[in-house]
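Shown here is one chain on its own, the form predicted on its own, set out as C-alpha cells.
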C-alpha cells in the first residue's frame, strides 16, 4: 500500500501526465475532488477526458505524477481499487448472447456479491428492465443496453461511479430513467461524468472541470461558477459552440 491518503477526498490528482509518443494527452493535471461530489468534465475531442477517466479507473497508467482514487494508488493498488469503482462507458460491457439477468448474475459472481439474485432483481426493477430480464441483450435497444450497463456498474455498490457520456444516444424516456436513478443514488456515491452537454453537466454537478490540450483550463465548485463566464471560457478555450 502507498502513503496515507488525504482525508475526505475521493480523487487526488498531482502532476498527472500521460504521453503517447511525443504527444501529451494529459499535461501536469492537478485537482482534488471531495467524497460525495459530482464532477462534470467538459472539453473537445482530444482534450484528454477519456484518457483521464481511463487512468482514474486503472485502465491506463500515468506517464508521470500520482493519482489516488478512494485513497488508493491507481497503479500499486489497482486490484483493490477495482472493487470500489463502477464504470459506465460507450461500450456497455455486456454479453450479447446472455439474458439481462444472466449478465448481471455473471458479474455478481465475479464480485462475490452475497444474495446475488435479490440484488439483480432489485437493480433490474430500478432501471425498469425487470419485464425483459429473460431476454437476450442482443435484442435490446441502445437505451436498454445503457440502462442495463448502469445496473451492472452498480451491482457491487461502488464508492465512485464514472460515467462517460451516459446520455449519448438515449431517447427521452431513457434519459428520464437515468435522471431519476442518479437522483435516487446521489447520496450513496461520488460521481465523475464526461459530458459534451454543458447544460446537463452543469445541472448535475457539484464541481466542474474544463480540459483542453491535456491541461486544466478551469476547475471549481459549481456554486462558485458564474455560468455565463464558464460558457464563455468553454467557447474561447475549446473553440467550439456550446453543446
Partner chain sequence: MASASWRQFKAILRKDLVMEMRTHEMITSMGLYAILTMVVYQIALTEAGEALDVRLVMPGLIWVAFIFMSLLGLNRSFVHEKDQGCIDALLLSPVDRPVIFFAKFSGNLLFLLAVEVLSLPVFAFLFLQGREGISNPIWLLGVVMLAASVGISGVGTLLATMTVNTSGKDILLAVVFVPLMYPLLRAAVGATFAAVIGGPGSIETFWSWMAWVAGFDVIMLLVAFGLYEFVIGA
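Since the structure is predicted, the reported quantities are computational estimates derived from the model, not experimental observations. Residue numbers count along the first chain shown, from 1.
FYI, the form predicted in complex with the partner chain isn't displayed, but the following is about it.
>> Contact check in the predicted complex: 93, 99 and 109 versus the partner chain, with a cutoff of 4.5 Å between any heavy atoms. Do all three pass?
In response: Answer is yes for this spot.
> Does residue 136 reach the partner chain in the predicted complex if we count a contact as any heavy atom within 4.5 Å?
Replying inline: Looking in the predicted complex, residue contacts with the partner chain include residue 136, since a heavy atom lies within 4.5 Å.
> Though only this chain appears here, would residue 87 touch the partner chain in the predicted complex if you measure heavy atom gaps against 4.5 Å?
Replying inline: So residue 87 counts as contacting the partner chain.
> Looking in the predicted complex, any heavy atom of residue 57 within 4.5 Å of the partner chain?
Replying inline: Looking in the predicted complex, residue contacts with the partner chain include residue 57, since a heavy atom lies within 4.5 Å.
>> Since only the chain is shown here, I'm wondering whether residue 152 would be in contact with the partner chain in the predicted complex (any heavy atom pair within 4.5 Å).
In response: Result yes; residue 152 sits at the interface with the partner chain in the predicted complex.
> Though the partner chain is not shown, can you say which of 82, 157, 121, 132 has a heavy atom within 4.5 Å of it in the predicted complex?
Replying inline: Of the candidates 82, 157, 121, 132, 82 is the one lying within 4.5 Å of the partner chain in the predicted complex.
> Tell me which of 33-41, 171-179, 191-199, 57-65 has residues with heavy atoms within 4.5 angstroms of the partner chain in the predicted complex?
Replying inline: Stretch with heavy atoms near the partner: 57-65.
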